[in-house]
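A single chain comes next, written as C-alpha cells; it is the form predicted alone.
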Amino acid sequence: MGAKFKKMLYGGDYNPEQWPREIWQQDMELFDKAGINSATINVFSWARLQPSEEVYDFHELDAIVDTLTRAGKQIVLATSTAALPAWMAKRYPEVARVDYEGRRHKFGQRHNACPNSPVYRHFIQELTAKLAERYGSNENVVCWHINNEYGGECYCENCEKAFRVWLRKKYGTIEALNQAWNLTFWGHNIYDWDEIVLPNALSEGIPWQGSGEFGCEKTAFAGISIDYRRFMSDSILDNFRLERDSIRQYDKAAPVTTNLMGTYKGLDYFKWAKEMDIVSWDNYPSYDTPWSHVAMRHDLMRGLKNAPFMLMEQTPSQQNWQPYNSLKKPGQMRVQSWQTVAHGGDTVQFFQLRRSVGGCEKFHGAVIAHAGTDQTRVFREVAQLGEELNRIGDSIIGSGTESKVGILFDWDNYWALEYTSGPNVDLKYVDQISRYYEYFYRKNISVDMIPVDADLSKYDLVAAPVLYMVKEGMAEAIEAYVAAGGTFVTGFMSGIVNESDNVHLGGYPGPLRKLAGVWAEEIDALAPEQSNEIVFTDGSKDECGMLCDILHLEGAEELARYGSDFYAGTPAVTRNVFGKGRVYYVGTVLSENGLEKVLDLACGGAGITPVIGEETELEVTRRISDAGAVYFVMNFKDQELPLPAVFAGKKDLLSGRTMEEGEMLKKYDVRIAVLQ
C-alpha cells in the first residue's frame, strides 16, 4: 500500500492572489503558529494565468510558489481548469455548457465547460503542460490537484455527436442498440445513428408525480439515460486524463488527484479511481448528518482504491452554502478530523486557509477569519490539531484497514434504481446502503465499501442492499462466493434488471433467485403513513414499510412473515443454504430494530466480530500500522461514555498519559492507542 507523502499534509485551499502581497508573510507566520505545513494553490486562477488566448503570465504564481517554498510549506498545485476565463467564453461560446432544459449558458460561475468541446480540451492541455513544465521540478510540489469537484452534465451538439460515437463503440450495430434500449416501446426504433438525441427535457425527460415540471431524475427510457450518465462520466474523466498526461510529460513522480465528493451521483468514482494516483475528497456534512454517514463516505473513498486517501477539503467551522450553516461546536472539528484519519485519511486539509472578502463564499469558514488574527476559537483548535498531527500523524501514513465485511456500492445501480418509474418515489439508493452501514457502524464492525467486481473471497459477509441491476457475470461471482462459504445479504429491489435496465425474465430476483431460494411474485408499495407488521419466528414483532416483496419459498427458510394486509402470513425475511454458505433475503424495509435482528443473525453465522470485544456507544475504529493496531476511540454522543476496559493501562498518544479504567469521555473527546 505504502505512503504517498513523507509527512501528513495539514493545510488547505489558499488564495493569496485575492490579497495584497504584504498579507502573504503574515499568513506564513500564522500558518506556522497553527502547524499548517501545506497549501493548495491555484485552484481558480486561470483568468490570471492566461489573460488572453495568446498571453500567459506566471509572475504572480511564481511569487506564491516562492513564498510557500521559502516558508518550507508543501504545495498541492491545482491546474485552475474548473472555471473558464471570460475571453474564452466570449471568443468561443461553444465551450459553455448546455443545460438539461436545452439552454446554452453564458460566462459565469464555475464547472461551466463542455467536456467534449475541442476548444476546452485544447486549452486545458496547453495550460496544464505549461504549469508542469514550470513547477514540476520544485520538490515542494508534492501533489497535483486537477480541476476541482468535477460534476454536472452538458447537453450540447458536441456532446450529442460524441455520444453517438460512444454508442457505436459500445453496441456496434443499430439492432443491438434498439434491443438494449427496448426501443420498440412507444415506437422509438432507431434506424440511423444520427437519429439519436440526448435524453433531456426536450426529449426523454418526463414530469414526475403529476407536477408538470421536468427534472433530470425521471425519464421515459432509463436505458438511454443510464448510458448518457455513463458517457458523461467517461467524457469528464477523459478531461482528467488529458490534464494528467500533460503533467506526466514533465513530472513523473508527484501523485495526481482531483477532489471527489463522497456519494456524489454524477460520476462513477470506482472507474475514476483507476486513473488517479491517490483519491481525495471534500467532506461537508450538514448540521444533522449522522456521523455514521460521514464514516461511510470515508470508507467509500478508501474503498475506491482500497488504499488511504486525502481529505482535500473540510471547513474548520461553518459552511455557507447549506440551508442551515451551524458553527462546529468546540472539539467537533478535531474529532471529525481524527475520524477522517481513523477511516483511512492521510491528510487533513481545509477550505479555506484565509476567509475571502467577497463572493458567495465570504461566510465560508477559514483558519484565518476576517479578523485576521490568531486570537479566535477556531484558530486555537486548528493549532491544537496541528500539534497533534505533527506529533503522531506521520506514523499512521500508509497504514491500512482490515475488514471482514464488504458492502457493495455501484454507480450503475445508483443511476438505474433512481431513474426507474416506480414502485415508490421514496426509494433512494444511498439511503438504503446507509441503513446497512449504520448497523455495522453502531457495532464497531469494520466495513469496506466495494465495487460489484471486487474479490469477494476477502470477506466473510457481503451485503448488497437494493442490488437492482445485476450485470453479466455478477450472479455467477456471488454464487461462487456463497458456495465457498460466504454469507450474502440482499433483498427487495434486487436482481430486477440487466445493465440496460431491461427486466430479467423468469421472476424476481432474476439471476439471484436460485441463490436466494425465493421468488417474489409482486412488490407492494406503501405510502409514508402506511406500514405493515413483521412477525419473527421467535414470536417478536416489528414494523416495516415502503416496499414489501410478496415471496414464495423455493428452498429458503422463513425468518419472519408479514402480519397484516392480504399477504399476511407470507415470508418477509428468509435464509437459504447455498453450498457452504448462506443467503439472507430481506424482502421489505425493516425498522432499525428489525434490521438489527436480521443482521445479528447473519453476522453471528458468519463469525463477524467488532474491532474490540466490549460493547460501547463510542466509535472505535482501527488502522493497522507497522507499530501495531492503532485504535481511535471517539465520542460523538451527547452524553459522557466510559472508556472500554481494553484500553485501560494503555498510553493515549494524544495526551501522552496512561488511560485509566472507568475514565469518562465527554462529547467530542478522542483517545488514540496502539494495541499489539
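The structure presented is a predicted model; accordingly, all values stated were derived computationally and were not measured. When you see a residue number, it is the position in the sequence shown, counting from 1.
Missing here is the form predicted in complex with ligand GLA; even so, the following discussion is about that form.
Checking Glu160, Glu418, Glu361, Glu596 against ligand GLA in the predicted bound form, a heavy atom within 4.5 Å turns up for just one residue: Glu361.
None of Asp251, Asp282, Asp448, Asp460 but one reaches within 4.5 angstroms of ligand GLA in the predicted bound form through a heavy atom, and that residue is Asp282.
In the predicted bound form, ligand GLA lies within 4.5 Å of some heavy atom of Glu313. In the predicted bound form, ligand GLA lies farther than 4.5 Å from every heavy atom of Asn413. Ligand GLA is not shown here, but in the predicted bound form it comes within 4.5 Å of a heavy atom of Phe44. In the predicted bound form, ligand GLA lies within 4.5 Å of some heavy atom of Arg110.
Of the candidate stretches 295-303, 282-290, 97-105, 539-547, only 282-290 has residues whose heavy atoms lie within 4.5 Å of ligand GLA in the predicted bound form.
Contact residues in stretch 227-264 (any heavy atom within 4.5 Å of ligand GLA, taken in the predicted bound form) are limited to Asn259.
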